[in-house]
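There is one chain below, alone, in structure tokens, taken in the form predicted on its own.
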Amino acid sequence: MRIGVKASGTLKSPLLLARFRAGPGAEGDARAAHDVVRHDFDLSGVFAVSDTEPLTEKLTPNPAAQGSVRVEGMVEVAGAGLQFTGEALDIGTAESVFKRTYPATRSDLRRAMHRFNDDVIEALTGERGIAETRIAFVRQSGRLKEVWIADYDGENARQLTHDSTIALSPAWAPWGSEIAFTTFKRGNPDLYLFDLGRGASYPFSTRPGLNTAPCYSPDGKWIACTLSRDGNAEIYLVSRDAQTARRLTRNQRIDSSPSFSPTGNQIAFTSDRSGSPQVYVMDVEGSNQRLLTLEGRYNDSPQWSPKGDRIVYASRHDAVFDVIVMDANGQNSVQVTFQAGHNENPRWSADGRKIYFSSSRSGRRQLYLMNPDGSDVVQLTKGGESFNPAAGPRARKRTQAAGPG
């Protein structure tokens, strides 16, 4: 049952989040669970959240508040673990829209709360949120750059690669347990794949010259990337078994930063064939190459939105980069960052309601999250330098394969 909650946009639906009740011995857990859920709803881009006290009697219908939501929760000790029961109510009708019980341990209570948040958002909007997703990014320490991974909101960050070299441009596989990235661990910029299940990486493309900017096709069967094995940086499709490499671009300038459309039928990319880096698009076999960006002298890092209706990219003007969002046909480009410093590496969240990006607005590059219109900017990382964010996919259904099809 949906109650008219909008999935995106600047207008947010009101949500009353009650303080979670606690069974004996679970008081601290209830407070921790509430804080996670509050943070998730705040970041969702869907709700305007207000705190309230839990219900002491049955909710009374309030037709004037149609479209508003109330969320109740309770944490109890259950055996050696915990049990959380959460419910979302339509304030207008006083009817229960969603209710579920989640078993959890204290160590994975945060994960259970992420799942509850995504379940509620799906029940109300028809589309899951991103609280269960993760991000990969590059963190720099001195001259070294390594790939890290974190929860969608920057929490629980941990280092993946330990190669004591330079790693760049992480990209998620559609099934969520593999990350492609560029590494200089053997001296050459090579493409490696990191298996999150095994906790280890292995070579994917070690052809002479550049092996950079990986992007998985939606079905996971191909990785688009930039290779310079023929002497010039061109875009290739490499089969995931690494045996087949199809060259898509052919010119004397640099082509890079490929990004698949959600259908897998088109690829957006950066090329300086017109004299300066601009965003182009082509069919997946390399035909019908055409210029998309008509403004800006330096446009780079394009990425298609999950619905395929928009493209986000970084544009340099007056020596500063900012994030731009435009329609997929190149029309209606809008600058959405205005803070001092460089604002780069924009990447859509899995639901298209948010954009990750890196910014040096605080002095050092850090990761940020914002709405596609540039509102509700939140800093996700602190310390060191973090950049090259890559938003992970939603978890696949348990009935789906855990690897490439």
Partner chain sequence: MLRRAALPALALAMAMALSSCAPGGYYNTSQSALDSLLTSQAQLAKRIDAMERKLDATREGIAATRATNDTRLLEISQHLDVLDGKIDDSGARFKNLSMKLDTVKKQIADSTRAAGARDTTGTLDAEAMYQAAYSDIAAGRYNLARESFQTYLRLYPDSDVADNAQYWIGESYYGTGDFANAIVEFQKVIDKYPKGDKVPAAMFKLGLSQARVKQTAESQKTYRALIQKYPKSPEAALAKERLNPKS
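Predicted, not measured: the structure shown is a model, and the values here were computed from it. Numbering follows the first chain given and starts at 1.
Form predicted together with its partner chain: not shown, discussed below.
When its partner chain is considered in the model of the complex, only one residue from 80, 294, 200, 319 comes within 4.5 Å through any heavy atom, namely 294.
Scanning 285, 241, 155, 95 against its partner chain in the model of the complex with a 4.5 Å heavy atom cut-off leaves one residue, 285. In the model of the complex, its partner chain sits within 4.5 Å of a heavy atom of residue 290. Residue contact check for residue 308: one or more of its heavy atoms lie within 4.5 Å of its partner chain in the model of the complex. Under a 4.5 angstroms non-hydrogen atom cutoff, its partner chain in the model of the complex lacks residue 165 among its neighbouring residues. Contact between residue 248 and its partner chain in the model of the complex is found at the 4.5 Å heavy atom cutoff. Taking the partner from elsewhere, no residue among 140, 160 and 228 has a non-hydrogen atom within 4.5 angstroms of its partner chain in the model of the complex. Heavy atoms within 4.5 Å of its partner chain in the model of the complex map, among the stretches 261 to 269, 201 to 209, 185 to 193, 142 to 150, onto 261 to 269 alone.
Although its partner chain is not shown here, in the model of the complex the stretch 326 to 347 places heavy atoms of 328, 329, 331 within 4.5 Å of it, in sequence order.
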